[in-house]
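In the form predicted alone, a lone chain appears below as structure tokens.
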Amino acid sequence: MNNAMEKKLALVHLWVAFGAFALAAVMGLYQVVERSGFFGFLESREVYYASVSTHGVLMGFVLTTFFIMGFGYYVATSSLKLPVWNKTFAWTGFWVALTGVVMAALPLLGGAASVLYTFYPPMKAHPMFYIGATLLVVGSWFWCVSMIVMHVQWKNANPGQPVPLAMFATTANAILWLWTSAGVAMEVLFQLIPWALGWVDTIDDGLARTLFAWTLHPIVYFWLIPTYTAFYCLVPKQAGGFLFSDEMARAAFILLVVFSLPIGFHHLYMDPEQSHGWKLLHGVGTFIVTLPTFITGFTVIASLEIAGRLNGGKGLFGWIAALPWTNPMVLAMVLGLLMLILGGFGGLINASYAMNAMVHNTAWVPGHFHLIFGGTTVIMYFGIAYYFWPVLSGKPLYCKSLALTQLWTWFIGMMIMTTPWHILGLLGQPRRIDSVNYNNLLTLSWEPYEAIMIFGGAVLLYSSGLLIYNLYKTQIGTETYQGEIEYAEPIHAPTDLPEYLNSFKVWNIVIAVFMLIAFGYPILQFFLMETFGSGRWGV
């Protein structure tokens, strides 16, 4: 199959993703420098919040969405051996999403949309920001449709056969995104855009936060599923071994989709709009969603052990040294798992109904978030990029040793930056502030940690430069590369796979029931009763 157009489609998406990443990385260093108060000439509240908002949107929405779409398109075509369904449709989705990014970027960079990554009301942005964000989401829905259609096409052409695991995971992510993006889409379309345009005078902040909670935590798994896809489907092959269990991998992806959706209220523990019972229900669900993470940890480590022993590793831990540590994807996975373990521990604190009160709205939260997202998720995006770029561009990777250096410096920089964040959170430093220079004994105790964070941010920016340089030099190289993506094979290939591990029909019904239970009345209440001195919403 001639897939030159598919490679171009994927590569263009990935360049947009990493272009956004490069700009956001520069802003990230500026933010830790400015908020430290060490450099008075840099202090500007307006510039700081414009930078924080742009950094969050570029990293959380642009990098992730375009990377996932580009990755998904090529996973679909390479695993199914099919061309992308309706290329015009796919390119239309790309241009709609890119138009949205440009529209949202203009007010962000101009300081007219300094509403942070969550854009919670009563903060109000320029309407162009909300419209642009909506177009980005709508553009991503084109990708979701393409993935689902290709999944169905393959199943119809291969009745009774297991859908390739990489495509199964990609389809799971498309379904997850359609479900979870509905929350923020409703908030923006029916509340924020009419409000920003002046069509309505007021909106219900509680309803807005509830709808955003629908999206706020499941989006983390939208970001993370490509990382898990690489863990299961790419790394075992790169390590020289096999996937421990195909069935366990499918179960993990299904559990991620089903249980990551109805749990958003752990972000609202300190908010008064929802009652304790609903918060407790979502809190229990949050602990349940750790199950697929434990399954993933066990399965991928078992897969690495298989590879290590096939490579000659002996004894209880000898297989670890026998792994191909000079393979960028294997290294990225190991470093990502280490950060996942540490970040996951912090996540359990955040999810605990009582313990959350200790760290809520403190520096602990961005520390945890950056360790999971900037650490585990993004470092695996790097590993995937180093593997995919030669295949997509037809050029060999410019410098493998530079890739390894970049991964190590990213890991080191992220650990240096996030560790003080966690400590500062326990010391009571609030998050989302532009200055910590208050000149009292408590804030003076923060200064050493702020200095360490600046160093960590500088290491991360250096690492970001290495990534972009390596990919750029690969892109413009003159040598040619011939190769395709190789997917890991399970030790025991599934032969009689039950339909519930090969399809999402029943799971969509389960999700609908769970979402109705978890969000039905909590949203409906805003239309049935007066809340906090205001009338029923829409009246």
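In this text, all values refer to a predicted model and were calculated from it rather than measured experimentally. Start at 1 with the first residue shown and count on from there.
Missing here is the form predicted in complex with a small molecule; even so, the following discussion is about that form.
Among the residues 432, 395, 155, 400, the one placing a heavy atom within 4.5 Å of the small molecule in the predicted bound form is 432. A heavy atom within 4.5 Å of the small molecule in the predicted bound form is found for exactly one of 50, 471, 488, 32: 32. Taking non-hydrogen atoms only, residue 283 never approaches the small molecule to within 4.5 angstroms in the predicted bound form. The small molecule is not drawn, but in the predicted bound form it has a heavy atom within 4.5 Å of residue 370. Remark: residue 374 counts among the residues lining the small molecule in the predicted bound form, judged by a heavy atom distance of 4.5 Å or less. By the criterion of a heavy atom within 4.5 Å, residue 11 is excluded from the residues contacting the small molecule in the predicted bound form. Heavy atoms within 4.5 Å of the small molecule in the predicted bound form map, among the stretches 488-496, 52-60, 510-518, 66-74, onto 52-60 alone. The three residues 25, 28 and 410 all sit with a heavy atom within 4.5 Å of the small molecule in the predicted bound form.
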